[in-house]
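Let's start with one chain on its own, the form predicted alone, as structure tokens.
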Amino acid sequence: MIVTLDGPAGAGKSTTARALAARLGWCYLDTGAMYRTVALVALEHGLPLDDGPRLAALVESLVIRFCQGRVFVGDRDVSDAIRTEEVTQATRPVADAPAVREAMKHLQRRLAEGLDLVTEGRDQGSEVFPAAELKVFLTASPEERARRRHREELARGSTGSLDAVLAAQARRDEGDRNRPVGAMRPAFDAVVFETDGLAPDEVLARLVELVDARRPREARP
């Protein structure tokens, strides 16, 4: 069974997807980490970030895998290297390239074959796994998402203001909605789940209920 979690930045997709996969004992596919990994290797090889065909060929050559919450290319652990600011800046043009999105879509489908899987991103339900048994569009109000992100940044030592976070978030939302490929949008049959005022445990409990309702009867515990 495949569960997709899509939605805007700051909605808690990654944290929720990890928690859901752990609760269910399923695999978790971190698509953002996959795009970051491609960007990292492209930078290391000096590939132009606007050369879609060469980047797509790079995707096809990489062996990306996840193990115990870490990200590997082959046997190399890149979990920390993909979180640098340089890689963050490089990831957007890489992820915007149509050829890369197409190559990554096929790679993600191959990784999911035969697995019970929770995957998250922007287009997992709408584009990558249109036949997923459960598609959720996880969201919250812009103000709520900005407050969450601001708290995270303060915990990391940032001194930025909430207004600055909200403005940056608005710009990212606009860009994500208007991407030429992989645009952020709910699948037509997605469950839109607004999480304002809900604690993480409450969100997780609701998702588990949704999974249980969609899970094939013979697969239920």
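Since the structure is predicted, the reported quantities are computational estimates derived from the model, not experimental observations. Throughout, we count residues from 1 along the sequence that is shown.
Keep in mind the form predicted together with a small molecule is missing from the figure; the text below concerns it.
- Among Leu43, Leu166, Cys27, Ala33, the residue placing a heavy atom within 4.5 Å of the small molecule in the predicted complex is Ala33.
- The three residues Pro8, Thr15 and Arg148 each lack any heavy atom within 4.5 Å of the small molecule in the predicted complex.
- At least one heavy atom of Arg101 is located within 4.5 Å of the small molecule in the predicted complex.
- Contact check for Arg179: a heavy atom falls within 4.5 Å of the small molecule in the predicted complex.
- Put simply, Glu127 is far from the small molecule in the predicted complex: not one heavy atom of it is within 4.5 Å.
- Under a 4.5 angstroms non-hydrogen atom cutoff, the small molecule in the predicted complex lacks His106 among its neighbouring residues.
- Comparing 89-97, 110-118, 73-81, 134-142 against the small molecule in the predicted complex, the single stretch with non-hydrogen atoms within 4.5 angstroms of it is 89-97.
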